[in-house]
Structure formats: C-alpha cells, structure tokens
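Single chain ahead, by itself, as structure tokens, in the form predicted on its own.
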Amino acid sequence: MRIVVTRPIPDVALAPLRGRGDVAVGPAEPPIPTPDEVRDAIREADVVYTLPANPVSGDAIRGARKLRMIATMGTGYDNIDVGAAKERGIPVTFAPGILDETTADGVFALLLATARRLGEAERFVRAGKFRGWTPTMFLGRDVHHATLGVVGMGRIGRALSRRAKGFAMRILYTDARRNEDAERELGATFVPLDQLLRESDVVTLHVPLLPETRHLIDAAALRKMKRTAILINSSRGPVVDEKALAEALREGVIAGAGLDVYEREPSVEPSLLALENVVLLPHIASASEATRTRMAVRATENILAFLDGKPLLDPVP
C-alpha cells in the first residue's frame, strides 16, 4: 500500500498512515508542487492525501494506475478533478464543518483590520513615521451598527454573522436558497445580490468556486457598491476579478478590501500590492493550531475508514 501525502502534515495525522503502508510525503517548503509534479508523485499511489493548495488534475488521476482513493484536509475540493475520479470509481473525501468557527474568527479579524486601516497604521509605526496623536490620523469606518452583506449563508457565513450580531450589525444575505434558520437566529434578511451590494457597508464572500461564481464580483458588481464600502474575500480567489478590484480601489469606487485568497494563488495581482487600502493575508483564516490539526486528522480518519472497508465519513457528493 503506497500512500502519498502531498505536503507535510502534523504527526498525529501522519503516524496512523505510516502504520498502514509505505507513506511518501512531499516537500515542506514552497513553491507549491505544480500539477505535473503532483501527477508524477502519485503515479504509483494507492491513496492520495492532498492539501487544498495542491492540485490533483484529471491527467494525474488518469495516470495513477493503482489509485483507489483521494482525501483532502480542506473544506473545499475544487483542487481535485472530482469528475475524473468518478469516471474511475475513485472516492474522494473532504473535511467539512471543522474550520467554520476558526475561519469566522479570522475573517472578522480581517474585516476589522480593513475597516479600521490597521495594516496601514502598523506599517506607519514600523517605518518610524509616528510622531504623536492627531485627530485625523488613519480615520477608518465603524463596524458597529454597520450593514453586513453576506454572500453565501452557509456554515462559515452563519458563524461570521453570529460575530456580527455582537457588533449590532444589520445583516443582509443572499444565497442560492433562503436559510430560514439563519433568519430566525440572526435576524438576517434575504435579498437579491444587487440589493445587497447597494446597501451593505461590508460585503463578505462565502461561496464555493463554481462556474457561476467565478468573477461573481467583477467591475460591474463593484460599481454597485457604496463608495464607502469594503469587500472581504476568504472563500476562493477567482470569485473576485482582481484586476477590476485593483482598479476600483485605486479610483475610489469602493473604500477598501481585505483578501485572504487570490485569483491565481499564490500569485497576487501586482496592482493590488501597490495599494494601501487593501489588506492582504496569505490564506490564514483557518490557521489556528487546533483547527489545522483537526482538519489533518479528519482526512486521515477518512483514509483509515476506506482501508478498513467502513463507510466514508465525508464523501464528496
């Protein structure tokens, strides 16, 4: 049994796999393995344990002649060609529901940092420019009592909205279907996307990457937002047209943005890097030690269930 783990994972997740076969672990340091490198690494694998940033393409799946199962520790699985796996009858598992609360913490921190211009202010201090308090220094925007627009009221969107209630925020949301439980719990109001963009002070994205969500936020969508609004994206990078976002930020179409994910991750649109009114994070919304460990262990548990002939815990539908 050959198990390929595309990048190092915590020992508590790795040790049980070592007891079940020959385990090969990919390199720890960047750059992230390319699709061709992943294809070559899994060619002789029986089981692949992949991380969200490591693509498992259709070519890689079709070229892995012994492949029997793919597991990811991510809550999403758009890095895996699930269609190609299904063609060969190869099950794919993921790790939903584990990172929701930690991610909501991280996203709300990003929201606050963007609204209150904390990145700019910290760079100002580190550059030795702080000479004393003035009443107009780094004026940001209030989060309390502002209107939050949640695009995608799934588990993370709902967890974030619970935090927003603590700031007395008005909550609007849009989704493919109404979430009446969220409406009862949070007092959230279901509205069309256009209305959400027009009325929200903060727009936060929590949708999967699908053909219909790619560039969901484009130049036209940005022009519908308030000039004082900010955009937060912690879902998938391609949901936002980064070039259009950079132009909107540069021209004052919207006031600011906070990004934890990128359209061509790990590359960042160069024009964004030159702007002060955007907070840029390296995909760390779920980065607490406890949560990342639980994600890693869950993927291992799915693999062990498969090897033992038991029902998979988290099969991709």
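Heads up: residue numbers just count along the shown sequence, starting at 1. Since the model is a prediction, treat every value here as computed from it, not as a measurement.
Although not depicted, the form predicted in complex with a small molecule is the subject of the following passage.
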| Position in contact with the small molecule when the complex is considered in the model of the complex, options P238, G76, G119, G140, heavy atoms within 4.5 Å | G76
| query | Just one of A188, L99, M153, V202 has a heavy atom within 4.5 Å of the small molecule in the model of the complex. Which one? | reply | L99
| query | Taking heavy atoms only, is P33 within 4.5 angstroms of the small molecule in the model of the complex? | reply | no
| said: Can you work out whether I303 and the small molecule are in contact in the model of the complex, taking contact to mean some heavy atom pair no more than 4.5 Å apart? | reply: no
| request: Using the partner position in the model of the complex, report whether G26 sits within 4.5 Å of the small molecule, counting heavy atoms only. | output: no
| Can you check whether H283 is within 4.5 Å of the small molecule in the model of the complex, heavy atom basis? | yes
| remark: Given 267-275, 36-44, 249-257, 287-295, the stretch touching the small molecule in the model of the complex at heavy atoms within 4.5 Å is 287-295
